[in-house]
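Okay, here we've got a single chain as C-alpha cells, the form predicted on its own, with questions on binding and movement later.
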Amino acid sequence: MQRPSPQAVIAASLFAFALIAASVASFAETPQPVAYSHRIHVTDNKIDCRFCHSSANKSASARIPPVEKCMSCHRVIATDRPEIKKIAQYWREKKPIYWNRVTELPDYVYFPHMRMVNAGVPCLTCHPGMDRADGAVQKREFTMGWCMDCHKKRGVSIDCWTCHI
C-alpha cells in the first residue's frame, strides 16, 4: 500500500478541521434578550422541563413560556438579579419577550412533542445537555437517520406519514 503524500495528509487534515469547525459553528449558542440558564432551573433547582414548557404534552410545540410564567416564581425568587430585573421590566410593560428560536426542523417534518412526551421519551433524548446549558444551544442535528434509529430502537412506527405531512 502506498503511503499518502505529506500534502495529501495536510489537505485531509484541513478538510477535517473545516468540517469540525462548521459543525461547531452550527451549534453555537443563540443570543437571547434575557440570559436564561436551563442549568439553574433544571439541574440546580430540579424543575421539570414541562413546568415551563407546559404545552409539551398537549400540542405539537413545547412552546416558550410567557412572561407571566417566569413571574409566577420570580415575583419573589432572585428578584435582585439583573436578568430577573429584565424579565420584571417586560412584565411591568406588559410586553412579551421575543426569544430567538434555537431548535429548527425542516418545514416538511411534523414533530409532535405531545406524542414523544406522552410516550415517556425524556426531553434530553432530543435535547442532550440542555439541562446543563447556561445558554440555549441546539446540540444535535435532527436528521432522518437519527430519528429512524431512535424509532427503531423504541419499536415505534417508521411509516413516512408519522413525521412527514
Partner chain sequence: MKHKWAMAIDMDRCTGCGACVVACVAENNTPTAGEEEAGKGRLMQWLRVSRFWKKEGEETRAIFVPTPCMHCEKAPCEIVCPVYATYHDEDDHLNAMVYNRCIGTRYCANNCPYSVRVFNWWPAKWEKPLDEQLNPDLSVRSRGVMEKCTYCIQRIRRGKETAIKEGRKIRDGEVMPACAQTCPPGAIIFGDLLDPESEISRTVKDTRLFKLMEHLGTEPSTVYLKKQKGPGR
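Just so you know, these numbers come straight off a predicted model, no measurement behind them. Residue numbers count along the first chain shown, from 1.
Missing here is the form predicted in complex with the partner chain; even so, the following discussion is about that form.
A heavy atom within 4.5 Å of the partner chain in the model of the complex is found for exactly one of M114, I47, L124, A133: M114. The single contact residue among T43, N57, Q138, S37, judged by any heavy atom lying within 4.5 Å of the partner chain in the model of the complex, is N57.
Taking the partner from the other structure, the partner chain in the model of the complex has no heavy atom within 4.5 Å of any heavy atom of F51. Residues of 102-129 lying near the partner chain in the model of the complex, listed in sequence order, are D107, Y108, Y110, P112, M114, R115, N118, the criterion being any heavy atom within 4.5 Å.
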